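Next up: a single chain in structure tokens, the form predicted alone.
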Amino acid sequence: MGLYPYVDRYQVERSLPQAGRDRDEILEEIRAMSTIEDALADEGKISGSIYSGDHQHYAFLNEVFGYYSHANVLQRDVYPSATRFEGEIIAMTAGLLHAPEPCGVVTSGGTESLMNPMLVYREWGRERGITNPNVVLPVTAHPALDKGAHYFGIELRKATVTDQFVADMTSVRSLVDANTVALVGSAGTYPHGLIDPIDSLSTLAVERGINLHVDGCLGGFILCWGEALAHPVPVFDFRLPGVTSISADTHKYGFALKGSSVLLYRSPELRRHQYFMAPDWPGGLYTSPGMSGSRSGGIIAATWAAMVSLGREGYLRIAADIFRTAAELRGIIGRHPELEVIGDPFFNVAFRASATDAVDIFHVNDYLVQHGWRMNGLQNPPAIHFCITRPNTAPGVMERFAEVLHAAVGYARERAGTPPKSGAAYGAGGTSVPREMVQAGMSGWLDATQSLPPA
């Protein structure tokens, strides 16, 4: 679609208009753009990104949001309902992930839920005299952890992965030393949807007396149903004694509105390390549970409403459809000797060109893009993934994908030796970053996403 598809359709506001515009006119513009942009998701053609796809569910959550859209939950004396909502969100999530007690925080999304533990484990290390802390994690761990390390002055040590693309424990062990404050494993990884050997990471964490964060931002609210649905999902949660924190995004498979996530800790003592307090400020006692100050009461209320409206039965029903569809997708990919699935995924299926067939996976992606399918491009190795969400489970979606994938492989064979149009770009579907911006660098892309179209 490109960055500026509406420049010829609607007026570009390059300064604040002198007079306010008609509300109905504004709503019509918003409605038109939203309808266009939701179309691919409604057809089930998007990997990840749109997790529910149920517009009645959205309408319900938006109604809930409206009651608290103006509320700042920093002011608990005015909005004490936020304490109920947050406490119950944390308790419900803690129950799903077998936490010993409901101890956690509600955050603005996965990035905050990954950055906060980095701060916590730095502070935990300082209490023990560690002034140059490091955290050991596999190369497949989410870059929000790099962001946290950058902000908080932590050395990241990146372990290699096995031929199954999960953390290599020999590599992990070799990187741990007296300054290591924590390990990280994913359930599942963003690139490949795989579960790192959390049990082995837990054993090492206990052995060395350090912490272990499990990044369940993507997979936490779907993998937690695997056991009940008789899928061989390994234990990845607080039942493992070395696990000290877990993040799980409610705005993904929790089917809440963007952006919300839950970060759980094994103990209140760990959680307190992320609190910020300024007791001597002239404006009064200031404290916040994490990096955010003002927070929307609407998001918190809608997250609570999503969870209690679906209940265990609703989540189980949706999870069963997602696991079934992911297995069907693996079968579709397996019909093509030119392609191979990476590892053993349950819901997020990554695939690449097989070693024996000379096709470029991004030629495959190019064809998919031309026919309206938005996959996610990966690198190291080159691959694409199809993260199954609720819209992808609708009748006929996998049948249509099977047809287009078959044609895409033929397209890739015909173009062997020529450069593909797409590549690996997180958050852009691997397709829509203009070539001139790629050449100018990733900073140019970020500048463009926050800029007006050329005059």
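Not measured: the values here are computed from a predicted model. We number the residues from 1 along the sequence you see.
One more form of this protein exists, namely the form predicted together with a small molecule; it is left out here, but the text below deals with it.
A heavy atom within 4.5 Å of the small molecule in the predicted bound form is found for exactly one of 274, 202, 244, 111: 111. Just one of 106, 212, 217, 223 comes within 4.5 Å of the small molecule in the predicted bound form, counting any heavy atom, and that one is 217. Contact annotation for residue 122: none of its heavy atoms lies within 4.5 Å of the small molecule in the predicted bound form. Residue 142 belongs to the set of residues with a heavy atom inside 4.5 Å of the small molecule in the predicted bound form.
Among residues of the shown chain, residue 188 is one whose heavy atoms approach the small molecule to within 4.5 Å in the predicted bound form.
The small molecule is not shown here, but in the predicted bound form it comes within 4.5 Å of a heavy atom of residue 251. Partner proximity in the predicted bound form, defined as non-hydrogen atoms within 4.5 angstroms of the small molecule, places exactly one of 251-259, 223-231, 164-172, 293-301 at the interface: 251-259.
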